[in-house]
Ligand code: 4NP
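Here you get one chain, nothing else, as structure tokens; it is the form predicted alone.
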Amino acid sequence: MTRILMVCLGNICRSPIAHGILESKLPSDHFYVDSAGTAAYHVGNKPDHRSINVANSHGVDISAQKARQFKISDFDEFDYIYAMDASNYSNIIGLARNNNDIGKVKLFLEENPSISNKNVPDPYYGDLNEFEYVFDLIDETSNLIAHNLLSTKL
């Protein structure tokens, strides 16, 4: 089973959306998708209500997710670790124990060559339009990731 982890700051906006979208595009008998935050601000909480609403409007249910903090053991448990922005990437790399750990970590948008800014914007302080934009950006990139994974893993 291939295991994929999506990581943002608080694990209530971007990474839960990415978790839900990618999970919906991959067969659960071959892939496991999860999400985490680099900070512990929202541990145990559901995703932001705006993330839940935007995802629901696109047929993706993320309401059962619970925020958790990224931990060093995630390097052992996951094959791919996607950071939503450069700050999250730096925080994750700062916990890496070796080059094998580092090799598992990528910026999520590195998988999308058509996008020049490789940081998924944090919609937390924005309005619903920003959550919608983030959903679309993550959905487009998740299509590419799912295609690549399905063509190489199955």
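Given the structure is predicted, the values throughout are model-derived calculations rather than measurements. Quick note: we count residues from 1 along the sequence shown, nothing fancier.
One more form of this protein should be noted, the form predicted together with the named molecule, which is absent from this view; the next part is about it.
Checking 137, 21, 12, 145 for any heavy atom within 4.5 Å of the named molecule in the predicted bound form turns up a single hit: 12. This chain appears without its partner; in the predicted bound form, the one residue of 34, 101, 122, 111 with a heavy atom within 4.5 Å of the named molecule is 122.
Heavy atoms within 4.5 Å of the named molecule in the predicted bound form map, among the stretches 53-61, 123-131, 101-109, 22-30, onto 123-131 alone.
Within 4.5 Å of some heavy atom of the named molecule in the predicted bound form lies at least one heavy atom of residue 42.
Interface residue remark: residue 8 is counted as part of the site for the named molecule in the predicted bound form, having a heavy atom within 4.5 Å.
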